[in-house]
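So this first bit is one chain, no partners, the form predicted on its own, shown in structure tokens.
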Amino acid sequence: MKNKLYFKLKNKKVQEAAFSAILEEQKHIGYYALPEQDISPILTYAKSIPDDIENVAVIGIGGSSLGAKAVYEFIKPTKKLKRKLYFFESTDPLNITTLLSKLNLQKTHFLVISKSGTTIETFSIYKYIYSLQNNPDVYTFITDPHSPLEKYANEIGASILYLPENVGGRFSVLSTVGLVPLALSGIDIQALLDGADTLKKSFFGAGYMKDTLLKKAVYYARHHGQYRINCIFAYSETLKYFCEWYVQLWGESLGKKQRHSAFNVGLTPIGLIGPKDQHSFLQLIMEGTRNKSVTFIKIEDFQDEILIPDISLPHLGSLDSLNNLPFSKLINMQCDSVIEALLEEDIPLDSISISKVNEGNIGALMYYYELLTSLVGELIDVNTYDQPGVEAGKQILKKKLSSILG
């Protein structure tokens, strides 16, 4: 993975202060250690699921589903997988009914994921599915030790797996939350962790990624008042759900009141897919308010070399320059052209190049963004790991539901 910054920043003092803060933070924030974990218990668990299970359905929301979905949808087009993954992550009745219509309940294993063990969305969906399939053998529950969900799972005799200590939901993709469904689908979770570990060693071992990530984080923090919108422009449909994962990670981590003031701050995430969004959002970036930075992500080797046919069309001879051009080359030419156009407009941007679609590269990319989030959170003086704004809405919903019962 290569990251090219098109903006310049020299402030070693601030960068080293941020690095020192992250070194200290490792002592009590659990996601930093996930790349080095022993996954043998997860692999043993995965082997216990019968071979006749064709589908794995994740019942969870936000951090309980977005990370695994991002990895699965990235890998799926280039690898024949053992099982299909489905994600129940909305209380939309049409979505629930549509997903269930695709499943043979006798050949599906359900993963019910809730850190607290009381997530309303998750258990409203679980209750409905349980009314259709009440065999506890087809459910595995992933939660914190001693949660109400652990007690329930023990009561019905279902399997239980636990989240590691001090790992928040949106930072949990490399924990049991993400690794279990991915392992069951046949994705190489050790390669996923190895990619993240390579990135981690480059950062903490004073390699290439330390300088790159620190410069980028300091730039974002220093200019967050002006460039308050951060866009990822990913040139591959395989990264669509990675963009959704990034939006949660960035938005829920950085939109806060500052720890040492009463100011509300934040950086708004936007996930875009090229070339599709060249024909919509790009206009806003190019000529709209100058409050956006852009990170382009492109894939060097798509492992698919289909060509544009050598066909001349009447009245469209000007398009013959496309003939015999690989689509993989065209999409990256489109990306490079947009980068050049935005540089002429002085838009702050950088580009990330991924060598190919595989587990190691998506693992590295996700760990890169987790580190970047932690660094920016430190620099703009927020608690990166809480979500009081989200909790406020949950409490109001619980009161409304209590009034129905009362």
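Each residue number is its position in the shown sequence, starting from 1. What you see is a predicted model, and the numbers here were worked out from it, not measured in a lab.
This protein has a second form, the form predicted together with 5-phosphoarabinonic acid (PA5), left out of what is shown; the following refers to that one.
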Evaluate Pro35 for contact with 5-phosphoarabinonic acid (PA5) in the predicted bound form, applying a 4.5 angstroms cut-off between non-hydrogen atoms, and reply yes or no.
no
Under a 4.5 Å heavy atom criterion, is Lys115 part of the interface with 5-phosphoarabinonic acid (PA5) in the predicted bound form?
yes
At 4.5 Å between heavy atoms, is Asn323 in contact with 5-phosphoarabinonic acid (PA5) in the predicted bound form?
no
Any chance Ser64 has a heavy atom within 4.5 Å of 5-phosphoarabinonic acid (PA5) in the predicted bound form?
yes
5-phosphoarabinonic acid (PA5) in the predicted bound form has a heavy atom of only one listed residue within 4.5 Å, and of Asn291, Gln248, Asn166, Gln303 that residue is Gln248
Can you work out which of Gln278, Ser236, Thr119, Thr198 has a heavy atom no more than 4.5 Å from 5-phosphoarabinonic acid (PA5) in the predicted bound form?
Thr119
Given 168-176, 210-218, 68-76, 132-140, the stretch touching 5-phosphoarabinonic acid (PA5) in the predicted bound form at heavy atoms within 4.5 Å is 168-176
5-phosphoarabinonic acid (PA5) in the predicted bound form - contacting residues of 252-291, heavy atom within 4.5 Å
Glu252
